[in-house]
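So this first bit is one chain, no partners, the form predicted on its own, shown in structure tokens.
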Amino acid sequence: MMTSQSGLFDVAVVGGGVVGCAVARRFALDGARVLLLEKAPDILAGASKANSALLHTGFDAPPGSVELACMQAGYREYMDIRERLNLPVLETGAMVVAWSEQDAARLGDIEAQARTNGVNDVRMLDRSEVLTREPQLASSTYGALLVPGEHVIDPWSAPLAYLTQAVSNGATAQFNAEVRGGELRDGCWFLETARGTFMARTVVNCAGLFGDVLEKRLLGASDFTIMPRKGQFVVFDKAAAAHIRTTILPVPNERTKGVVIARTIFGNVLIGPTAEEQPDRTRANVDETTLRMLVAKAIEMIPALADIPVTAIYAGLRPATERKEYRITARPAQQWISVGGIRSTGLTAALGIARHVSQLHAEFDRQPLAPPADPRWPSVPNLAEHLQRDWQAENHGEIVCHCELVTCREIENALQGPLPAGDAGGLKRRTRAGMGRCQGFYCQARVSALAAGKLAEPLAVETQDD
């Protein structure tokens, strides 16, 4: 066994997705000694790197469920802390739009469910009201349910802020630290990783797409089986944002919330996701047939998008399981908490899940904690299009990415500090460099030079001519 690292932690969080980052933050603010272990070089390397970035009210969540409670607690906490962490919100509202008589017949049930879930500001709109609110929407609509509280957020800055606050208040984050094995011995977990052996009294499994693998590896069995569900997305150019202000939701079914059209916090418009089950847990490929279907679907709903080019395409994997609900359980005898099956609502629910996990932990680990008397509130850089960006500030200096107007200063800052970007994806998510119309064609060389020697893998390959 390798030498133990950094003494005994109260809690080891395995997984650096949005839920893992939120859980680490909660325990750090509770006063616990926290360790986050992530197998990738940076956070958000798995399911959390690709989603629709919506802040949900829970209007259509299963009534009385843990998912609903966590979503609504997470929503409230996000809105409460966002200004102190500099987290943006694009207040769009959403409409569940009926595109058939059958859809229209279901809107009443969705409204009733929303009110049961405590979302009482919903309102039915007839066809005329829908088109008044969204003049570019296809006139074939049958009406809609307006949900004013549904908003758009930055899906990457939020978890970065959560973990940055955790680290600022004493937590430790270890990257390239896959948990390969471990055992519970004398009331302490010994976790064997690529970075050495770490000791913790409690393990919180936030390993997402590999949550069941981790449990089989350390506990011998898992209560759930991850069944990856792929979602493909198409991103339209920023000119598309002039044609839509409200998020357009379909009437959902039992399996998925369906394909959404929404503005992004970065000024684009996206459509997606699909819901495709696949066995592969790491690769999320896109295919031309599906992408063309999404584009056609978007144009069918908003005909003006026919004149807007596509800027980007991507796909993500959701850690679905054999059951629809969240799989959050505590195993006191094993000093273990599982956070599995967190589907697409996880971005909203993350802060609520973290509080729920903290409460579960307090029921079996009664060691007193001392929360920081004056917790630190670090501020993350703003990347939202509707708020002031760095390039709009005085003395911003060189602009490196002219598509997304990313400054040299933003890139340099993202490569340093308590949680520097660890790989190319992490640098993009922190700055948006290379995520615009040219997809890095013009700025890649400059970004590579700035990041030289600072990422897990270089962005540029040296040749004999270099």
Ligand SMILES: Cc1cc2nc3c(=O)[nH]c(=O)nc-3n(C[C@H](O)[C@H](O)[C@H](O)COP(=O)(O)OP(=O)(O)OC[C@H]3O[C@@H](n4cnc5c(N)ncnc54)[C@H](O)[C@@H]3O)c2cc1C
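All residue numbers are counted from 1 along the displayed sequence. Just so you know, these numbers come straight off a predicted model, no measurement behind them.
The form predicted together with the named molecule exists for this protein as well; it is not shown, and the discussion that follows is about that form.
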Site status for the named molecule placed as in the predicted complex, C-alpha superposition, 2.4 Å backbone or C-beta test: blocked
Partner-contacting position among L291, V147, I248, L317 - heavy atom within 4.5 Å of the named molecule in the predicted complex: L317
Contacting member of A330, V259, L209, V380, with respect to the named molecule in the predicted complex [4.5 Å, heavy atom]: L209
Contact stretch among 25 to 33, 416 to 424, 49 to 57, 432 to 440 - heavy atom within 4.5 Å of the named molecule in the predicted complex: 49 to 57
Touches the named molecule in the predicted complex: R217 (any heavy atom, 4.5 Å): yes
Residue contact check: K39 to the named molecule in the predicted complex, 4.5 Å heavy atom: yes
Proximity of F233 to the named molecule in the predicted complex, heavy atoms at 4.5 Å: yes
Non-hydrogen atom contact V130 with the named molecule in the predicted complex at 4.5 angstroms: no
Any residue of 335 to 358 that, in the predicted complex, places a heavy atom within 4.5 Å of the named molecule: I342, R343, S344, T345, G346, L347, T348
